[in-house]
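Just one chain is shown here, as structure tokens, and it is the form predicted on its own.
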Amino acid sequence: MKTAEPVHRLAVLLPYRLAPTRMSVRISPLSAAILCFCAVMAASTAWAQTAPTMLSPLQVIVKWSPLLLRGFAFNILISLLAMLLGTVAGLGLGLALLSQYRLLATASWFVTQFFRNAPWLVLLFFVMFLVPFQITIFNTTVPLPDWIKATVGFALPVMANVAEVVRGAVRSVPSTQWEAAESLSFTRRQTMWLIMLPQCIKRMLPPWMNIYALVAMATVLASIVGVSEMLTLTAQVHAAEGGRPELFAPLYGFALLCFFLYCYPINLWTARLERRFRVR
């Protein structure tokens, strides 16, 4: 009896057909901004080579960068002070919007809507030219420089926007919190300060940071009314270098890059906080 011989199966390797893949290149906004600035610098440098005795755009920026960065720090200082004043005033105005006194709530609503919907530049002109340059208190003259008046001008719309943020955050807390506090004999003031506002911090933080980013970018409007911030100094540097056309884009591009590098991380941090707190 013959035994069946084992059948050897040969594995046949069939050619594997690869599906066409699509390569996607993602460029971050930060990389795009730096690439655009480098392209502007390269184009301006090539243009400036026609006059070899003059400084190149890069050399001009390096030469004047301490002065320009000092002006940028002044922009940041104005934005921080405006945000501080606007936040303190906006917190009080937002609580007044929630007041049980109808007259106070109505007046607060009118103030909020007026400053929230008014153009920032108009408010800046209003404060700059209607507020005196000095005040006298008890025979003591206190000067009011332009940058202080500009800070107050930026603080007014911040106050209105922060007030609306406070009102919306308190309204978003479930009404059962009020009922629970009332059952524990808390007064309305105690309920607001000890229960409601602590819960509203994580709700108010992302929009508050967005408002600050807007204020930081809007501080360049102060150059229109004569405040020596970065944009004003950039125009002075351009004039000091003879008003050369090839310097216009690099100098203002440098200012644009500084504001972008300052505000873009705030945007990323705000989005991260929204995901972390799951703010809707």
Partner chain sequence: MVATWTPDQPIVQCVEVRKSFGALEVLKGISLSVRKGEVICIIGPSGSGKSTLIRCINALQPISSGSIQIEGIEVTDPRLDKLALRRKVGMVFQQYNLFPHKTALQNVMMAPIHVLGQKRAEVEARARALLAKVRLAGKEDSYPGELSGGQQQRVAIARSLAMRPDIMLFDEVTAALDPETVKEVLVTIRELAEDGMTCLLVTHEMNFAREVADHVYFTDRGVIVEHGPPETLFTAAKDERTQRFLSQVL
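Positions refer to the first chain, counted from 1. Predicted, not measured: the structure shown is a model, and the values here were computed from it.
Below, we refer to the form predicted together with its partner chain, which is not included among the displayed structures.
Though the partner is left out of this view, Phe186 does reach within 4.5 Å of its partner chain in the predicted bound form, counting heavy atoms only.
Taking the partner from the other structure, its partner chain in the predicted bound form has no heavy atom within 4.5 Å of any heavy atom of Thr141. A residue is said to contact a partner when one of its heavy atoms sits within 4.5 Å of a partner heavy atom; Leu194 meets this definition for its partner chain in the predicted bound form. At the 4.5 Å threshold, heavy atoms of Gln113 stay clear of its partner chain in the predicted bound form, well away from it.
For the three residues Glu182, Gln190 and Gln199, a heavy atom within 4.5 Å of its partner chain turns up in the predicted bound form in every case.
In summary, among the residues Gln177, Ser99, Ser172, Thr106, the only one with a non-hydrogen atom within 4.5 Å of its partner chain in the predicted bound form is Gln177.
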